[in-house]
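Next up: just one chain, as structure tokens, the form predicted on its own.
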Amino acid sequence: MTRPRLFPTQEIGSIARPRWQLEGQRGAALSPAAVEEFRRWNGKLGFAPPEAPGEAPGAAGAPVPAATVRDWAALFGLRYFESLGLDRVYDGEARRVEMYEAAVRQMRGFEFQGHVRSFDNKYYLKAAGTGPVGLDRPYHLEEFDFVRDHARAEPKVPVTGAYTIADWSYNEHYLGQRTGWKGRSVRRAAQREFVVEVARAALRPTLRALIDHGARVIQIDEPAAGTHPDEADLVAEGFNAATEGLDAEFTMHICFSEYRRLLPALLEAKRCAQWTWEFANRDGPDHDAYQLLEMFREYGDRRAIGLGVLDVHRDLVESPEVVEDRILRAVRVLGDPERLWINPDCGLRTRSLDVAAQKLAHMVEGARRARARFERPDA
């Protein structure tokens, strides 16, 4: 893909659901607080049509169809990111229940077992792999079509990776097919089969369909990769099985990991054009997180880097000067400013929409300041 400028900016994934969306898509009239929130954001972004009933879904006692509310939520996500000046955007995953469940519900061979805790008192509905993996139909197509037709910036669609889907599921079928003592090597072989089958039978046809619908940049999310660093080769193998021979720019987002432990095995992800990682979360006065980039020079890996410059776990809004400094430190380590994309560490869904907007605005300004230094070397 053509780079729009030096240090282009992008988002990573989900943002917080606005109250008006959560209430409105249930088909009920909005609470006064939700109405006020809708009007405030629509006044800023203009994402809903002028004929919106009562200027908010259900505000005038006229229920709005849930599908319409979800369309407005997707437009809200697009205009939210675009208004802040990002070069690559999506809709904040407005239509997805959750990054795992939304995908698994389109697959065969899974049975949901109940909710389990993931982190920060967040829960997800976990499934067991109880049969051969299959696919009812490629997913994310309707949401991507909507984004493609309405985006003003370049769209980048996030898709949950095969390794994460397998790791976050119970592997009953592929492990159950093996007889005898199920020791470490047997369990690993069963997990490998599970990952590859998710990649081949479900993820690959979905990626192909997205590409047929016009997707040119696809972010593969593998948040589970850091959980078992000794399985980094399975992450790469699943990525390869899903993307081999497909014509798109694929990036891989891995958050909150000890990245050095994933290399060199992860580098075997052949079609990955950009490593999108978290750095700001661990950066501080006594620790330069961006020195970690040195390992790419050690391994001779020249791929692009999606540089995390915003800590998504804190409300503290990084100043443009802090963002600029982080970019410049990364350039000094890598030696090549052309390799950097600028983004938050991860999705900003745990922050309020106001805090996330301030963070992203400062990120865009910090990237502009860093860009100006290279346009005016004497500055």
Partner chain sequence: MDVAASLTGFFPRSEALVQATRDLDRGRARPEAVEALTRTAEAGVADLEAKLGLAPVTAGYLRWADLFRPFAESWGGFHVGPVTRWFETNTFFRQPILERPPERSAGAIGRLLPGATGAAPAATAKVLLPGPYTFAGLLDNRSGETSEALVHRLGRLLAEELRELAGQGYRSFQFQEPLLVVRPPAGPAAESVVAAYRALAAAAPGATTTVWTFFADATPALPLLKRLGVSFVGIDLAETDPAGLPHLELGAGLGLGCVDPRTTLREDPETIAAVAREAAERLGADRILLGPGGPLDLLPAGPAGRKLAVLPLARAALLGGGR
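Positions refer to the first chain, counted from 1. Note that the structure is a prediction, hence the values are computed from the model and not measured.
One more form of this protein, predicted in complex with the partner chain, exists but is not displayed; see below.
- For the partner chain in the predicted complex, the listed stretch (68-76, 177-185, 298-306, 276-284) containing residues with heavy atoms inside 4.5 Å is 177-185.
- No residue of the trio 134, 194 and 200 has any heavy atom within 4.5 Å of the partner chain in the predicted complex.
- When you look in the predicted complex, the only residue of 128, 241, 263, 289 with a non-hydrogen atom within 4.5 Å of the partner chain is 128.
- Put simply, of 145, 212, 230, 294 only one has a heavy atom within 4.5 Å of the partner chain in the predicted complex, and it is 230.
- Although the partner is absent here, residue 122 lies within 4.5 Å of the partner chain in the predicted complex, judged by heavy atoms.
- In the predicted complex, the partner chain sits within 4.5 Å of a heavy atom belonging to residue 116.
- Put simply, residue 171 is close to the partner chain in the predicted complex: some heavy atom of it is within 4.5 Å.
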